Ligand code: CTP
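Taking the form predicted alone, here's one chain by itself in structure tokens.
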Amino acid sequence: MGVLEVVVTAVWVMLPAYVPNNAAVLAGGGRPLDAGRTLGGARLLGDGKTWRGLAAGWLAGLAVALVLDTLRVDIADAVGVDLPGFPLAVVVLFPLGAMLGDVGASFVKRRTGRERGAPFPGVDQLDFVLGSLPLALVAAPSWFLDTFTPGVVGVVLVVTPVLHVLTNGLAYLAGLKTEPY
């Protein structure tokens, strides 16, 4: 696999995991997942993690995977890269894993004394990757191993933080987020 193919494949397969967090922000508000519960005097997750956001993010990622799967052959022909399809189990679990990774990061943030919106370098940028990849591996082990080659994983680990910072900066400028990171 050449460099271009590795980069295109990495971005392609991660799109259903990249979109959910953005969709959750756009969904805004709703009942908090933790229902106000605390642990050690701090909220379990905080008001930023809601049932509406979780559902909206998961459904948006699921929709992206289905659309990509539908357009895969045409896009592969256009870019000259053999793009992988998404098995149904991956369509369902990959974006859910992204959302669960974000929820898990929020839990860790609260345990380390960070408030909602406080930066947590590394965790903020990769939480949804760390949630989505294990669920994809469980959902479709052979697809995962064929798709997430060491090169693809390397690109994901480098490109994801850059895309995260850029999209959060744009959301901040658009007034959708209160912090630019």
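Start at 1 and count along the sequence shown; that's the residue number. Everything quoted here is computed from the prediction, not taken from an experiment.
Here the subject shifts to the form predicted together with the ligand, a form of this protein not shown in this document.
Think of it this way: in the predicted complex, the ligand has a heavy atom of just one of 113, 141, 122, 29 within 4.5 Å, and the residue is 29. Stretch-level contact analysis of 59-67, 132-140, 149-157, 41-49 against the ligand in the predicted complex, using heavy atoms and a 4.5 Å limit, identifies 41-49. Although the partner is absent from this view, residue 36 stays clear of the ligand in the predicted complex, with no non-hydrogen atom inside 4.5 angstroms. Taking the partner from elsewhere, residue 90 is found to have every heavy atom lying beyond 4.5 Å of the ligand in the predicted complex.
Not displayed here, the ligand is kept clear of residue 17 by more than 4.5 Å at the level of heavy atoms in the predicted complex. Remark: residue 118 counts among the residues lining the ligand in the predicted complex, judged by a heavy atom distance of 4.5 Å or less.
Residues are counted as partner-facing when one of their heavy atoms sits within 4.5 Å of the ligand in the predicted complex; in 80-110 these are 99, 102, 106, 109, 110, in sequence order.
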